[in-house]
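Coming up is one lone chain in structure tokens, specifically the form predicted on its own.
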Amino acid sequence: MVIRIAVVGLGKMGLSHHAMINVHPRVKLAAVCDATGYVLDVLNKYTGVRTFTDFDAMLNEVELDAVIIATPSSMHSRMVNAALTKGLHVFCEKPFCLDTKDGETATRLANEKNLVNQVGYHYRFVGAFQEVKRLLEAKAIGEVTHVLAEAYGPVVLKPKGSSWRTQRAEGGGCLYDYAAHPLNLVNWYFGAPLGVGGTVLNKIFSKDTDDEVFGSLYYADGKSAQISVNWSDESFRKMSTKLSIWGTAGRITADRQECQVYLRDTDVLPAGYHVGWNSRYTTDMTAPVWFYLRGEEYSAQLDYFVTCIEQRRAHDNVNSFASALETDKVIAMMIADAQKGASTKSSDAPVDQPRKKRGLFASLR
């Protein structure tokens, strides 16, 4: 069985998906769609793939099994729903939808039609972050008390003309484009939070949207998580996502390269781990892929999508629309929280009452 797939949107991520899926051994790249004519001309000339500037025309004219949607975020909802209505499986780049109502509609439609649905939160396919998931499920660090989720990188480093990513209505800014990644990981590990607080969405260089995001997530069991994200940080060569997790029996710190675990002297230790510091490297925990581009996780998530289609696993997907919608809902809560401003202002703080002076030896009585 060969899966016939189209790639929609040929920007940075779309071209990456095109390169990977085009050489997948069990996939035929049947069509591509983009608004930029010269990119389509080059692809058609050198690869012979069918090209379209009209998404609906492509859906009507090409026999497809699935689509990969990598367009600007504001276009996701309409395209996802059109593809699902045609009975196609859908892989959609993150963020899923800028409006949670649109996300709910797409999720419901995919489930009703029993179609495979996946969103491109690729960190769930990184070996170090997968090891964190395994350790947490094994209660390796006991009961988790606090999480720090961070992401930094050099995206917007000076005032300049805006792109779709830096327009709130088109891409959603740093919150949707960067903070969504650590938020999605925290949701994967702990589920949706009970609420949020102290959210700051701050502009540094952008005119229309946020460049840094800070806030707290609260859980019913008393656990908390802090989010710290900045895409105007040139001290990082590229995006860097890191999680630190504290528990009653130890601590976990993980990024794309490594999972570091400190374990206290407890009765039960995970296999292969010892008391004190332990390190596990992504390179040792990552299976080889058929095509390497930017990182194995990008290929791994597309292969997972293909496998789910082949095995008809529409309701068993680690990166389903439903899980991405959970992340979108946390983002919506953070936006609403930030719009409220400070919940406690200096004028609300109690004023200390003057204390009665006491003699030198009064405290000794």
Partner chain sequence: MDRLLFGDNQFFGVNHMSEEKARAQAMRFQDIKAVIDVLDTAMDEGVNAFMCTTHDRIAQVCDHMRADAARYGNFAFMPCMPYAHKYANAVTDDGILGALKRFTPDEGFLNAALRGGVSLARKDIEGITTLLIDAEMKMFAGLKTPVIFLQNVVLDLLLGLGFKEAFRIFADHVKSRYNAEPGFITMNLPRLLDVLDELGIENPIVCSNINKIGFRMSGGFEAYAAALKERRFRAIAMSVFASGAIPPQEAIEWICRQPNVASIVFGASSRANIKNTKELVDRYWPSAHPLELTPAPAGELGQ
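Keep in mind it's a predicted model, so treat the numbers as computed, not measured. Positions refer to the first chain, counted from 1.
What comes next is about the form predicted together with its partner chain, which is not displayed.
Picking from 257 to 265, 198 to 206, 99 to 107, 172 to 180 the stretch near its partner chain in the predicted bound form, with a 4.5 Å limit on heavy atoms, gives 257 to 265. Its partner chain in the predicted bound form is not approached by D316, whose heavy atoms all lie more than 4.5 angstroms from it. Contact annotation: T47 falls within 4.5 Å of its partner chain in the predicted bound form, judged by heavy atom distances. When contacts are judged by a 4.5 Å heavy atom cut-off, T282 counts as touching its partner chain in the predicted bound form. In the predicted bound form, its partner chain sits within 4.5 Å of a heavy atom of V42. Contact annotation: of the candidates L293, A220, A138, V275, the single residue with a non-hydrogen atom within 4.5 angstroms of its partner chain in the predicted bound form is L293. With contact defined as any non-hydrogen atom lying within 4.5 angstroms of its partner chain in the predicted bound form, the contacting residues in 7 to 41 are L15, S16, H18, A19, N22, V23, Y38, D41, given in sequence order.
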